[in-house]
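Following this are structure 1 and structure 2, which are two forms of one protein chain, each written alone as structure tokens.
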Structure 1
């Protein structure tokens, strides 16, 4: 067998796996996206052209969900990056001396998001939760954590608390990998700590910042589990993320074609965003 044939043989299992697990479902999705299809007609979709896309794009709830997800993702990504950057810099000496400390710091990321949602349903419950208990103890009253005015901020806080350690891990690694000689050379010009951070360290960390920003933005934009278990779609649909919109169209409204069309739009947005970020990260520092 030639080396070329060996290569084909070696890559065949992975190719078959990708075709089966990605290409085939994607092809089915492409058909469903242009079909009128429900659970009753899964095997006999009726082609309707771009009608589903038109329904989605004209649906105020879709745009409401997109706006919620965008606000949520921007806020959460910014908060996580800022917090993680601050922690990476302040904890750097400690983590350099005791590297094992990173393990307990990463614990929140190991909990399934759905469980995080369920956990906070308990933690924030006015009568059984620890947080309201101490509020009542100290102030005589407990605020509404999941009411219509506060649900967004509570959800964003929970998401930030869970995923900041992930950003910390990447940014700390990037911060640590800045060569000592670079810092020493810069120090000869006598910059203050802020100048060192702004002019030397942050530009060198840009690829890591962009990577973590992109991953966390996409992840929080398509958030589902913890929001769904905590507030569901929210009062009047006020906490409907784009993933919840798709889920409800699929399972609750039985409009599978519309749900798949909405997820195709989401895929296109994510793809465009990824292309932009990649181009930006390739620019010289």
Structure 2
């Protein structure tokens, strides 16, 4: 058997798995996206063409959810990258000496987002939460952390606190992988710490920065678990993310075709962003 044939044999199980677990559900979703379908008609969808996409694109709630998700994802991604980069540089000597410290730093990422949401809901609850209680005790008043005026910032803070360690792990690894010879050669020109970071280290870390930015942006853009457990759609839909919009269309309005069409639009946006990131990462530094 030739090497080429051996290669086909080796990848056959993985190919079959992907076709079974990804291609088949995707094909069903494509059919549902262009059909009028509910739980009662799952086995007999009625083809309506692009009508579901038109409904979604004309829906103000959809664009409100997209805007909320975009603002949320941009803010959270920027905050996580900046915090993780600062921590990676600041903690580099300590982590190089005691690598085991990375384990406790990663603990927040090991907790399910839904559980994190429930935990913060108890801590920040207006009537029974510990944080509002001490605010009232010390200042006589307490902000409504989960109210419509503060919910966005509360959700962004919680998401940042949970997932900054993930960005820290990747950026610290990228920072440590910069060859010592490069730093020593650059040091001969006498640059300051800021110049070293801006002109030498950050360009070499660009692939890692782009990867972290893309992963965290997409993950934050489609966030569902902790937002749903903390505030749900919020007062007047003030905290409706695109994932919550799809959930409500699917399970509450029983409009599966519209929900799948909205998810297809989300998939197309993610694919376009991935293409841009890959092209940008291939450009010379």
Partner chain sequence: MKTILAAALLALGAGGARADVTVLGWPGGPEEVALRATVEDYNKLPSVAADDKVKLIFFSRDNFWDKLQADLAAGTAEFDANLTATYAVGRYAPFMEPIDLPASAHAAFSDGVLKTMQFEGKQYGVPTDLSLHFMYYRSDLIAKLLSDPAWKAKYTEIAQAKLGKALVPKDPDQWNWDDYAATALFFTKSINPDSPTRYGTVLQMKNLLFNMMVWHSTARSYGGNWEDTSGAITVDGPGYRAGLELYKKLYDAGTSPKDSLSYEYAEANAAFGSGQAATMLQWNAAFGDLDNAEKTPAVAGKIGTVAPPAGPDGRFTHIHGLGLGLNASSKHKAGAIKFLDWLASPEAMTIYAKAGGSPALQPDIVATLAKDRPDLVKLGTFAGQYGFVMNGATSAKALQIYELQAKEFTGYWAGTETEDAALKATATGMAALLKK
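By rigid core we mean the largest C-alpha set that fits within 1.5 Å across both forms. Positions refer to the first chain, counted from 1. As the structure is a prediction and not an experimental result, all values here were calculated from the model.
- The first of the two standalone chains is derived from the form predicted in complex with its partner chain.
- Superposition of the core reveals a Cα shift of 2 Å or more for residue 13 between the two structures.
- Core-superposed comparison between the two structures: the Cα of residue 138 travels 2 Å or more.
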